[in-house]
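Next comes just one chain, in structure tokens: the form predicted on its own.
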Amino acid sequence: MSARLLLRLHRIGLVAMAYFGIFYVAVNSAAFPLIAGKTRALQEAFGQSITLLGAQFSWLLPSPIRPDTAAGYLQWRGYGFFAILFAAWGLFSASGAVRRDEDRGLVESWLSAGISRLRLLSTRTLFFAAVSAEIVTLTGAAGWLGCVIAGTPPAVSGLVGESAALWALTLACFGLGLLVSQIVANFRAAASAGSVLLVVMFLLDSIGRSSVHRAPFTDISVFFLFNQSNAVAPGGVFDPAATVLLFVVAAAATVAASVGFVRRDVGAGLIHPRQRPKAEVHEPSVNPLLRLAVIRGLWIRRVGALGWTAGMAVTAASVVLLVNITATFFASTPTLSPYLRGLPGNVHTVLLALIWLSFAQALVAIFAITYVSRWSSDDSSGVLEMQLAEPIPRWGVLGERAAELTVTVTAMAFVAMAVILALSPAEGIPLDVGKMVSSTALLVPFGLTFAAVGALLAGWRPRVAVVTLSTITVISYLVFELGPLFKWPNWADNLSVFQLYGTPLITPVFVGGLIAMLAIAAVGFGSAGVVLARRDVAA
């Protein structure tokens, strides 16, 4: 397999991780003097506050080490978060390398061309190992440069050690993803089972970090092995034994996956339940819902929509419990007030607004990107051609797409709102129901803004739509984060869709931002209709 083909198959994850990894560490390290203060006294006070805050969030991130320095802050907020991000990237890349390509018929074509199964799997593994090493290296270099800008360059040996540990974790999760993908029968099952495995391993390590006496069974997690190294922070250590063990896990899982790939049939898993024979059906479905515009799309994708809705509801419940735990700590620690962004009101409500709306915006943006990915794949898989042959006019297809996304986002947002309103009184969080409704309703135009841009890209250049939209989303988020730190003018801040949304749970609705989001949605879908009408399908 050519390097060009492999690069194309991995381009989405590669570009997304490169953008986010490099910019995230560069910003969190270079902006340290702006966050913590420029004098040593301010930085030490900030470090004490972060140490106390880190103790409250030990279930999520390892305890910070020397957060009064740029390198220590980068270790806690940067590499602590990267453990989750790079692990997920490795697992989903493995699922895609095996099952998504197999579902598309690519694996069968490659095997029929004379490529052996072992060569196919080893080539994909070695290529991912090479590109992930490159991304991890660039991320470490960006972190070093950011700390230099902040005035406290970290030890190069520490960055190299931590980068090696992060690379080992990524490869271990890639190997586990390969192994899980041989057991199940398709990409969706592989991604779901892999996600469950990843969550279980993270929870095991989280339980161990949060417990006074760590239980032995929590040490089997790959996250535990990664967290043995914290070499970026001053005084941190690099654990070569734990890192080597991660490489061993990666190699063992990859070998086991190779054996499973050789033994199983293409399109099937190693474990598959017996199915009762079913009679062949040559008549169209009698389900009346499949004959109604918009409803048919909602019915076909009902399982995915219910999953997103349930996930957003669980996130909302978790945030409510987190706010109640954290609010007292913030109220008793004045040095943490910058994290509240100067927003007025009860600390419980402010924290709910900052934490929940951040999660909600992220989930809605990711959901919109997944829909754009499906719209792009419909163009090349023949689904769009079948829709047009029914016949459905092209503007009708676009209208159904927009309406289906609107209905799903609305359901996700308001179900989560209902969960928050139900749990908040018991947790002592005062809420204005009117503001809660308005902030929830604004998530709909927020999601449509990303979807409209994605629809235009999917109609114009389907192959690059997801990568381009992901890039726009990351840049928009970075503008939202960097604007207040560097005190950019309002017009620069308003280039971010996250800024246009505002903080409607605390402050009045940003009318100008709402008008801008609606305008982007209208222009984006309108332009997408024009482009889709003029372009040949799959061209």
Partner chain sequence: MTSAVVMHGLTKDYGSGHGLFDLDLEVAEGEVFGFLGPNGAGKTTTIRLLMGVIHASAGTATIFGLDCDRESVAVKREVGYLPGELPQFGGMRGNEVVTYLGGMRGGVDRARVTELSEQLELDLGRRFREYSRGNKQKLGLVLAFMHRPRLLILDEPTSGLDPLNQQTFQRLVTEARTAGGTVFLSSHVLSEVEETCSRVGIIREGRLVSDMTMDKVHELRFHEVVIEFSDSVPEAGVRAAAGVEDVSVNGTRLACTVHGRFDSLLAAISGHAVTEMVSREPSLESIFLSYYSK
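Given the structure is predicted, the values throughout are model-derived calculations rather than measurements. Numbering follows the first chain given and starts at 1. Note that the rigid core is defined as the largest set of C-alphas that superpose within 1.5 Å between two forms.
Here the subject shifts to the form predicted in complex with the partner chain, a form of this protein not shown in this document.
The shortest heavy atom separation between residue 108 and the partner chain in the predicted complex exceeds 4.5 Å.
Heavy atoms of residue 430 never reach within 4.5 Å of the partner chain in the predicted complex, leaving it off the interface.
Among residues of the shown chain, residue 160 is not one whose heavy atoms approach the partner chain to within 4.5 Å in the predicted complex. Using a 4.5 angstroms threshold between heavy atoms, residue 390 counts as touching the partner chain in the predicted complex. Residues placing heavy atoms within 4.5 Å of the partner chain in the predicted complex fall in a single listed stretch, namely 392-400, out of 86-94, 119-127, 392-400, 67-75. The candidate spot formed by 192, 264 and 267 lies out of contact with the partner chain in the predicted complex, as no residue has a heavy atom within 4.5 Å of it. In summary, among the residues 383, 421, 325, 255, the only one with a non-hydrogen atom within 4.5 Å of the partner chain in the predicted complex is 383. Residues of 279-295 that come within 4.5 Å of the partner chain in the predicted complex, judged by any heavy atom, are 280, 281, 282, 283, 284, 285, 286, 287, 290, 291 in sequence order. In the core-superposed comparison between this form and the one not shown, the C-alpha atom of residue 303 has shifted by at least 2 angstroms.
The Cα position of residue 392 differs by 2 Å or more between this form and the one not shown after fitting on the rigid core. Once both forms are fitted on their rigid core, the CA atom of residue 235 lies less than 2 Å apart between this form and the one not shown.
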